[in-house]
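Just one chain is shown here, as structure tokens, and it is the form predicted on its own.
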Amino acid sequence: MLAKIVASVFLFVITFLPRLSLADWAVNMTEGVTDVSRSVYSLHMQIFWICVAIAVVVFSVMLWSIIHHRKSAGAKAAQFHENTTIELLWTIIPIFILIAMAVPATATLIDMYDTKESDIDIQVTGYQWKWQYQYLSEDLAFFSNLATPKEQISNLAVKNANYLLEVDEPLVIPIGKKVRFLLTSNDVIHSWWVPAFAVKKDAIPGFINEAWTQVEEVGIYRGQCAELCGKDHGFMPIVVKAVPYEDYLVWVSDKKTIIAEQEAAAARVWTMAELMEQGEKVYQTNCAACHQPNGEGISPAFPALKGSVIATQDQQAHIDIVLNGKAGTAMQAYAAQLNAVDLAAVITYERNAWGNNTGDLIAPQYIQSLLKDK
């Protein structure tokens, strides 16, 4: 008897104590900050309670039948084969239940797929492992990369509240405006998912998928790639900053100015020290995931750059592979992803870091001339 009591207490503790100790044990969906997200949440709760009601009725009848029609009480099985009334009931009742689910679900789906009459169109392109955002009406484009420090990922520093959910360049959209997303991919299948918007759409190479949102509240909203897209799938966050429309217009103007300044920077003369400093930043953001921060790579998929032929000998071959990538491998073409300064800097860095010490300085002006020929 004592053993049973101890076992019961132990079972209670391991079942409920972990739940009591959790600071936040949220298991439901978020209501979000858009009409669509609230419609999805409402639909979810409606169908959830329908399922609960069905479960209560079915299990109540089953429990009642088990107790009152048990063999030990002398009950005998009733014979009602081909009972027309029962067959009609178990056909008609599910039909009405399905209609009660289908009508609001269809209305919500129609609303989710209604991308017409948008105020702003943004093309979202997935790359391993980052996002490119192109504002089609503004002639504005930039990449959004993971900004979590490597020290946190390597457990050498304390992780912050937004660990793996922070980027260097967030997507900025205005509140109160209908924003249409055109989603595609440059390499493998990705999935652009922001729970607060109730937007989750696959980005597929060679295809354009559409989604939309109209955010009502100023704030920062975070999401992730929801498709297993490679070894660094977990390092591909999404950050959307929703601001008043006036602030959005200011941001667009400032962003265009910054991009113009970056392009103009290619015309000036850069020193080796400046290119090495800039190149290390570009390398850590774009190259370190595969070739490793120390340049030693991950054999055989991601070759080492430290002491390699490509980084220490044929300079033109090195430039070509960085700009144009290598077919059949994970090496992407960076000509369309980085500006001339960043390209020149990262190539210079790779040719002089980790003891390579070639002394080669790649001038941004030269890279700019190659890009213009494309």
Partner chain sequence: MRLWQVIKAVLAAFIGVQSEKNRQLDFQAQTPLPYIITGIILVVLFVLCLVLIVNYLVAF
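Just so it is clear, the structure is predicted and the values come from calculations on it, not from any experiment. Residue numbers count along the first chain shown, from 1.
The discussion below concerns the form predicted together with its partner chain, not included here.
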Next on the checklist: By the heavy atom within 4.5 Å rule, which residue out of Ser253, Thr91, Ser299, Ser137 makes contact with its partner chain in the predicted bound form?
Outcome noted: Thr91
Checklist entry - Looking at Glu277, Glu151, Glu217, Glu87, which is the one with a non-hydrogen atom within 4.5 Å of its partner chain in the predicted bound form? => result Glu87
Checklist entry - Is Thr271 a contact residue for its partner chain in the predicted bound form, using a 4.5 Å heavy atom cut-off? => result no
Checklist entry - Does at least one non-hydrogen atom of Ile99 fall within 4.5 angstroms of its partner chain in the predicted bound form? => result no
Checklist entry - Does at least one non-hydrogen atom of Thr257 fall within 4.5 angstroms of its partner chain in the predicted bound form? => result no
Checklist entry - Taking heavy atoms and a 4.5 Å cut-off, does Ile110 contact its partner chain in the predicted bound form? => result yes
Item to check | Proximity to its partner chain in the predicted bound form (heavy atom, within 4.5 Å), stretch among 102-110, 158-166, 173-181, 289-297 | outcome: 102-110
